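Below you'll find only one chain, the form predicted on its own, shown as structure tokens.
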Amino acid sequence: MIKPAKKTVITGIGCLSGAGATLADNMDALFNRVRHLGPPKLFTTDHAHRFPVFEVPGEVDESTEGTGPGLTRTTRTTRLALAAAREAVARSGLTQRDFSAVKTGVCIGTSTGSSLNSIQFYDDYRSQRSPGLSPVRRYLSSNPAACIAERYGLTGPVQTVVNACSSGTDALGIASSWIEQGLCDIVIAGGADELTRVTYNGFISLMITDHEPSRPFDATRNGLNLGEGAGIMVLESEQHARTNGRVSLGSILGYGMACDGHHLVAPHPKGLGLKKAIDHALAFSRVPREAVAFVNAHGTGTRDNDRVESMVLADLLPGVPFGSTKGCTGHTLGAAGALEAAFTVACLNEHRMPPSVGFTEKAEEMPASPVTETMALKGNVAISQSLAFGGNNSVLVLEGKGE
């Protein structure tokens, strides 16, 4: 593998989900097994059983985010992204002047990106009424990457990644490549997604949504719980951060992705794409397998996904502890990979990983099982991985800040 020209370090992290409004709140929930889930409040549903979800509590305020045309009346997905970016930027210590002085880009992953939440508009149109165009204007002005760029006055590359449930992971990987190759000095990157009635009904129709709290990797697992949120990181070249006196919270050492080419919504039964993605990420990072301290697995709680992940991890990384954080956040779709990357770096810096909430009973078809208690970590490198619809598999190799 060609050695990158520049190393990518993380100088700011921000996130919010159904587990909490900040990174610290989320970490507290993970280690204390706190699960804030219940029937959806953001929209109505006619289902006899209201499948539980993880919602970010309350309205996400956009009033402090500016007054430009791209920042007013934005969708919830964009407001989630802006809120997480605000925390990440504050943690980094960067100012708008700092951003404008160098090449600064934005790369944000999302899944539906609020494109499916204007139900009343569609109903009015199909009923031959004349709906107002405000939902259309809101959608057109709510590209999360463009809104972050406008909020901070950025003029570098701006990209929105839509690659199903691996979108957040892919956005961080792409952003890291911009820094490694010298295209940018700084990138604001991550993922965001909101809960909508269409995605809620869509996952129910696929029959992969659980009536109860999800149980990733458990023998009784019966599907996922949907969630929403955002995870954002401020990435810089190591040289730029050091020159300007900023503290590194960790690094992105490698990124790999591969497609199964097997099925629209199911992983390859032997996990061929995931194996290739892990191998590529480790090769690029030049990290030996035995140096991996833990794996933050995708772990949705669905039958096929968990079985394949367990099999691949037992084969490629035998004995390496792993777990899923979706028992506390739900599956946040395009935000999932970015949130989990943030959790992974935070765990490395705390030298411990949380229990895999929801797991209690080992499944016979699972060659490996997640951790059930908080575990001290040996090592400073971890993997965060995402398995997405379309057979997409994306993997990040992450490093903590060290001592």
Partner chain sequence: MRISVQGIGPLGCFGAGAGDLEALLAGDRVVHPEIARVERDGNIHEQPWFKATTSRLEEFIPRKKLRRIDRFSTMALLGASLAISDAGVSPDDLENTGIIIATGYGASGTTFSFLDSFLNKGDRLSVPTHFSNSVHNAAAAHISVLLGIKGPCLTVSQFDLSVPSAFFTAVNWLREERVATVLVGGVDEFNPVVGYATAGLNAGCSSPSAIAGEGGCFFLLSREDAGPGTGYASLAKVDMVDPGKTPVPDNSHPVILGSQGYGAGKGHGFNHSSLSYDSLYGHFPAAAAIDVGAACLSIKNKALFMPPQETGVDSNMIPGVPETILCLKPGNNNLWGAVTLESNTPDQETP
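Note that the structure is predicted; figures quoted are calculated from it, not measured. Numbering follows the first chain given and starts at 1.
What comes next is about the form predicted together with the partner chain, which is not displayed.
- From the list 230 to 238, 73 to 81, 317 to 325, 136 to 144, the contact stretch for the partner chain in the predicted complex under a 4.5 Å heavy atom rule is 136 to 144.
- Heavy atoms of Phe203 reach within 4.5 Å of the partner chain in the predicted complex, making it an interface residue.
- Contact check for Ala376: no non-hydrogen atom falls within 4.5 Å of the partner chain in the predicted complex.
- In the predicted complex, the partner chain stays beyond 4.5 Å of every heavy atom belonging to Asp279.
- At a distance threshold of 4.5 angstroms between non-hydrogen atoms, Phe121 is in contact with the partner chain in the predicted complex.
- Note on the partner interface in the predicted complex: the residue among Lys270, His263, Arg242, His211 having a heavy atom within 4.5 angstroms of the partner chain is His263.
- Between the partner chain and the residues Val161, Leu94, Val308, Val295, the one pair within 4.5 Å by heavy atoms in the predicted complex involves Val161.
- Scanning 231 to 261 for heavy atoms within 4.5 Å of the partner chain in the predicted complex gives Tyr255, Gly256, Met257, Ala258, Cys259, Asp260, Gly261 in sequence order.
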